[in-house]
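Here's a solo chain for you in structure tokens, the form predicted on its own.
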Amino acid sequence: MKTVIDGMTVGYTDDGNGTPLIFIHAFPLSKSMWLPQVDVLKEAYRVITIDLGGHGDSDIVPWNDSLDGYAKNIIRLLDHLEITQAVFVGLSMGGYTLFSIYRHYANRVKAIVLADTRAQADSEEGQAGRQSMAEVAFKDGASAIASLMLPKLLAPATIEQRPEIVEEVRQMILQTPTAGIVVDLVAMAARPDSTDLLSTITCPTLVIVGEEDQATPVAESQYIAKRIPGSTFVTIPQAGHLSNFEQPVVFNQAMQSFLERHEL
């Protein structure tokens, strides 16, 4: 589906009925990464996946280079869909965006799922790495970014033994325009530290991480879970950074258990 908000096209999917679940994708992918969740969860919930600007079916917004901008656009889409409260699910960059949503629009958040993400801002080294990747994107395009990102997104066993998964993720990256990649990198490098936000989160929270996540290691998710009162922590075996896509059955079971426990 597509709609126009503030003059810009926004791509999204909207399936099922019940409590709305809003899925926010990782860098440098698209809403397609959530297909394994949509197929299962739409039977009991209203499942909405969103393309951030410059990804999938959404227009590039080159001047909207902050995660707060991404958060505002998501809330504007919910306004359009007449959704006042929802469960938000964010993985990696989606998790960073979810922190921004909670910081500015906590009244819209019924519960949150933080997957394979971190609360801290980028270090100077991390910011330099994003600048370097932006330069690679300008020079060599999305194919070079795919080569850099695949080992960070997927567990070694997935890369060695599941070529179909590797190719699906590669194609998602190749479909992301260079400008969208660069805007993401600028936004992530500039994001604020969310460590102090964690203790203020009062809604039901699930923290998920792949046991072999190299981009945001298990310790990062443990750090988040320990600081959010009453949160649930789940590790997913044989999964890297893209835990929902590598091990969707286990990821979906963790989500369903969490949603049912809290009667969401």
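On a predicted model such as this, the values are computed, not experimentally measured, just so you know. Residue numbers here begin at 1 and follow the sequence given.
Here the subject shifts to the form predicted together with a small molecule, a form of this protein not shown in this document.
Of the residues given (V183, L78, M93, V109), M93 alone sits with a heavy atom within 4.5 Å of the small molecule in the model of the complex. A heavy atom within 4.5 Å of the small molecule in the model of the complex is found for one listed residue only; from I101, A137, M149, V87, this is M149. In the model of the complex, none of the heavy atoms of A142 sits within 4.5 Å of a heavy atom of the small molecule. Within 4.5 Å of some heavy atom of the small molecule in the model of the complex lies at least one heavy atom of R130. Using a 4.5 Å cutoff between non-hydrogen atoms, Y45 does not count as a contact of the small molecule in the model of the complex. None of the heavy atoms of A71 is located within 4.5 Å of the small molecule in the model of the complex. Stretch 23 to 31 is the contacting one of 228 to 236, 23 to 31, 52 to 60, 195 to 203, since its residues have non-hydrogen atoms within 4.5 Å of the small molecule in the model of the complex.
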